[in-house]
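In the form predicted on its own, a lone chain appears below as structure tokens.
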């Protein structure tokens, strides 16, 4: 029983933390006033860029360097793709919900096509995946021996610590810096922010790009932890789970973290239950819906208490009241 509980905690954290960093990106975007349903697409394009960089660099260097660079390029790829969403929503004042949905569809189609073409042209194979291999885990001596809680420090992916550090930094930036204050003002009262000398559209653009960079980290983390390869179909639904987490967290970082943990443990708990009962692998697909079912249940009880940023989804027009 203890071994099963440890597995739930270990696998739950590896699933929840990428969701969490992506949810923080969504919080940045929506706190600035830009509705962001495109997190799914950002993570896909970011993971595509990172996976391509990792596979390409692996031809010339061994060790952990391709893995490190993959996260850097994932952030760049996600951030650059997010600029398109910012351009549509801020410069051209497109409907932000529709823009987000279109970005997700575009990301799947584009990464699928490019992966096949790059594999054929650069790596000489006809596959539709970038094979990444496994990433080494580590265990913290001493702390891993603590009953139950020791599982937190057992078989840890390196990206889990990285995500926690980035999350702490982004939380401080949002709540403890002048930039964070300006960003939150742009989402609640952009006209007042403008009157105070804030360039609302610039702040919103930066916020959307940040959401793309953080989603790229999440996408690369999933690529390494779920299947050790990149393909466009391994991320489907995770962006929407992170959006659900930030909504349940009332657009606040710490409550969003608890929501992500809940989704993560629902996911790993379902897998552990199948293993415990000895059910065939065909039940795995059924278990994968547990976080989404949980989302629907939570939506029933908590959505009425949510308070989104007051200017969320409203294009800003200078001089308009």
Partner chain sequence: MSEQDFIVEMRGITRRFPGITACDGVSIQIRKGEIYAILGENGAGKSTLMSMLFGMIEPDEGEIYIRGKRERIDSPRRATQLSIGMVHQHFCLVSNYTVAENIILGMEPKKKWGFFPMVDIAGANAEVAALSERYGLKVNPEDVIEDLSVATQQRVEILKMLYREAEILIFDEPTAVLTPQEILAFLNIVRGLRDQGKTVILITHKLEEIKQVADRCAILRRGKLITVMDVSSSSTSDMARMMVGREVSFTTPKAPHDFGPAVLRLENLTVGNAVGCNAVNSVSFEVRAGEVLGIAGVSGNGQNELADSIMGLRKSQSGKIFLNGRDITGLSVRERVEAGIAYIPEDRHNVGLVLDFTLRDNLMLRQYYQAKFTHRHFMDEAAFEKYGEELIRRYDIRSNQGGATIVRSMSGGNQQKAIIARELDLKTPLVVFMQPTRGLDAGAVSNIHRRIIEERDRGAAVLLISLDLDEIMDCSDTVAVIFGGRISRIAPAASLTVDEIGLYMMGVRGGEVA
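Since the model is a prediction, treat every value here as computed from it, not as a measurement. Positions refer to the first chain, counted from 1.
From this point on, the text means the form predicted in complex with its partner chain, which you will not see here.
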Discussion item. Given the stretches 78 to 86, 166 to 174, 151 to 159, 123 to 131, which is the single one in contact with its partner chain in the predicted bound form, using a heavy atom cutoff of 4.5 Å?
Written reply: 166 to 174
Fill in: Contact test in the predicted bound form: residue 208 vs its partner chain, heavy atoms, 4.5 Å
no
Worksheet item: residue 189: heavy atom within 4.5 Å of its partner chain in the predicted bound form?
Response: yes
Worksheet item: Quick one: does residue 241 come within 4.5 Å of its partner chain in the predicted bound form, counting heavy atoms only?
Response: no
Practice prompt. Tell me, yes or no, whether residue 141 is in contact with its partner chain in the predicted bound form, where a contact means a heavy atom of each within 4.5 Å.
Written response: no
Discussion item. Need the contact residues for 176 to 212: heavy atom within 4.5 Å of its partner chain in the predicted bound form, sequence order, or none if there are none.
Written reply: 176, 177, 178, 180, 181, 182, 184, 185, 188, 189, 191, 192, 193, 194, 195, 196, 197, 198, 199
